[in-house]
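For reference, the chain that follows is the form predicted alone, supplied as structure tokens.
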Amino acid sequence: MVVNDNKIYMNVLQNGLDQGEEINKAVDEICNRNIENVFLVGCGGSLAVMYACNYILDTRSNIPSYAFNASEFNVINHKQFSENSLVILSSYTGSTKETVEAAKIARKAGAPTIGFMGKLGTPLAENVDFAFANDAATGVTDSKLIMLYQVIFRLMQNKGQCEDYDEIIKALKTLPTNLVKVKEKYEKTAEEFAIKYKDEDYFMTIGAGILWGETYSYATCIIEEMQWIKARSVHAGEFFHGSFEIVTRDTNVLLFRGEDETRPLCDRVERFCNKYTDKLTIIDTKDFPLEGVNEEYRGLFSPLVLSAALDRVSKHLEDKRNHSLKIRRYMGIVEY
């Protein structure tokens, strides 16, 4: 049986918004320094959730930003990293050893750090300048992204690169209600998808732009990690440079289409897949109303819309496959 946890979900998102004042204080204090660039550091889904921030900084500001797996960040000695870098780190457990090590490296270099984790008092929280917790029974990623958005848009405003800051924050505050409505709207479709594809042995997820992080994490962190099904995430711009060669009539393709500048890349993938596979599923964020959000800002919130819809897919897959999203074969169980 699939549980409706929308009330809990709404409260979790609101908790992310409620930390806005403290987030602003932290960013304002950091901006008293000469911040030259931003490093977004984490592992797995905790890194993927920050790709949207990377995209926004790249497309809406001239603040250089770099998204790195913590293990890689720790060993490459990036030449743009310095005491003038803002380092944003994420680990839900707060104990991911690579991410904790990255925080220590940043601290040793004198770089300001902001950390996001499930609970305070964890190793990551103890090794960053500003720690924000989003302990949540559901909606962890969405709550975290809401807090991350508050960080990057505040940074951009302080740098004089976000004239519409107030309008964006106003739109952000509509999300707890709007994203619950997304879940409600997609509930039946998600169940139908799970019934139809519960026995599949391969999923290809395709997306681009601001949705790339969600595209990657759904294949890796949900389908593979939590459901033990082989999956592959493919960037829509790279699809025609190799991956499309394995598409046949029974290839299972999930196409995620957002509302940013990369939408035409996904349109091209759709045209191809409509010809060559009978198993194309499209989730288009444009299909979901966002009351109180101006059209020009909808694209910014596409990752949250997609995440809300996919949450219902995940819960129904869990139910129809009788495979808990919490069970692991290796993670946290064996040495690695």
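For every residue, the number given is its place in the sequence shown, counted from 1. These figures come from a predicted structure and were not determined experimentally.
The same protein also exists as the form predicted together with another copy of the chain; that form is not shown, yet it is the one meant from here on.
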* 4.5 angstroms heavy atom contact with another copy of the chain in the model of the complex for Lys79 -> yes
* Asked: Can you check whether Gly242 is within 4.5 Å of another copy of the chain in the model of the complex, heavy atom basis?
  -> yes
* Contact test in the model of the complex: Leu290 vs another copy of the chain, heavy atoms, 4.5 Å -> no
* To do: May I ask you to state whether Pro123 is within 4.5 Å of another copy of the chain in the model of the complex, using heavy atom distances?
  => no
* Structure fact -> From Val140, Cys221, Ile105, Ala171: within 4.5 Å of another copy of the chain in the model of the complex by heavy atoms is Cys221
* Of the residues Lys159, Lys188, Lys119, Lys97, which one places a heavy atom within 4.5 Å of another copy of the chain in the model of the complex? -> Lys97
* To do: Work out which of the listed stretches, 19-27, 309-317, 5-13, 323-331, brings a heavy atom within 4.5 angstroms of another copy of the chain in the model of the complex.
  => 323-331
* Hey, with another copy of the chain in the model of the complex, do Arg60, Tyr202 and Glu335 all fall inside the 4.5 Å heavy atom range? -> yes
* Heavy atom within 4.5 Å of another copy of the chain in the model of the complex - qualifying residues of 48-75 -> Tyr55, Asp58, Thr59, Arg60, Ser61, Asn62, Ile63, Pro64, Tyr66, Phe68, Asn69, Ser71, Glu72, Val75
